[in-house]
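First, one chain by itself in C-alpha cells, the form predicted on its own.
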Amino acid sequence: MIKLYYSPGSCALASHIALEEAGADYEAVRIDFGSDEQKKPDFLAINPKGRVPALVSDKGILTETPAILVFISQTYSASSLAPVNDPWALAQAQAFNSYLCATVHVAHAHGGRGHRWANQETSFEDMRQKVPQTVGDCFTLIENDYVKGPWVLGDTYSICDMYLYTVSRWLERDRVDISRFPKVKAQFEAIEKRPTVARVLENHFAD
C-alpha cells in the first residue's frame, strides 16, 4: 500500500487529492509540524529534507510534489490525471507544476519562512510585506497565460488543477483576493464541488 505523509495546509494536499482521484489504495499519515514531528528521526529516515509530501511506495520513496503527481498519474494511467501518452502535453503539465513548485510556492513561503533566506527580523518583515505583490504577480501570469479553461490544460481535469487548487488556498493568507483572477476562481470553485475532493478535505484537516 502507498503511504502519503502530509501536514494539513501544506502542498501535500495536491498529492492527497491525486491519490483519491486515481482510486489508489493508500494511507495518509499526518505529520504534526506544530510539535516539530518533521524534524524527528523517524520522519527524517523517510525524508531527510524534513518536509512533506513524502510518498512511500513499493518502488521506494518519492518527495517533491511535481514528481509525486506524475508518478501517481503514470501508475494509475486509467484515471487520466495527466496526458501521460503525449510527451509534449505532459511536458507542458510538468512546466506548469514546476512553476507552482519553484516560483509560486517560494513567493508564498517568504511570508512565514523568511529564516530560510535571511537572519534579521527586519529582513523577515520586508519579505512579508512583499508577498501580496509577488504572489499576485504569479497569479496574474497564471490567469493570463496558463489557465486555458475551464481547467489548466483545457477541457481535461488534471494534476495541474489539483496543484493549482492547493496553492490557491493560500491566497487569503497571502493577502491576495482570488476574485482578481476569474478563471482561477472558477477553477477553484469547480474543484471544491468534486466529491473526491470533499472526502480528502474532510480527512486531510480532521483533528
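All residue numbers refer to positions in the sequence shown, first residue = 1. Keep in mind that what you see is a predicted model, and the values were worked out from it rather than measured.
There is another form of the same protein, the form predicted together with another copy of the chain; it is not shown, and what comes next is about it.
**Q** Given that another copy of the chain is left out here, which of Phe43, Tyr146, Trp151, Phe33 has a heavy atom within 4.5 Å of it in the predicted bound form?
**A** If I apply the 4.5 Å criterion carefully, the residue I get is Tyr146.
**Q** Which of 53-61, 177-185, 164-172, 24-32 has heavy atoms within 4.5 Å of another copy of the chain in the predicted bound form?
**A** Stretch with heavy atoms near the partner: 53-61.
**Q** My question is simply whether Ser77 lines the interface with another copy of the chain in the predicted bound form - judged by any non-hydrogen atom within 4.5 Å.
**A** No, Ser77 sits far enough from another copy of the chain in the predicted bound form that none of its heavy atoms falls within 4.5 Å.
**Q** With heavy atoms only and a cut-off of 4.5 Å, decide whether Pro87 touches another copy of the chain in the predicted bound form.
**A** Answer yes; at least one heavy atom of Pro87 falls within 4.5 Å of another copy of the chain in the predicted bound form.
**Q** Do Lys39 and another copy of the chain share at least one heavy atom pair within 4.5 Å in the predicted bound form?
**A** No, Lys39 stays farther than 4.5 Å from another copy of the chain in the predicted bound form.
**Q** Does Ala82 reach another copy of the chain in the predicted bound form, with heavy atoms at most 4.5 Å apart?
**A** Output for Ala82 is no: heavy atoms all beyond 4.5 Å of another copy of the chain.
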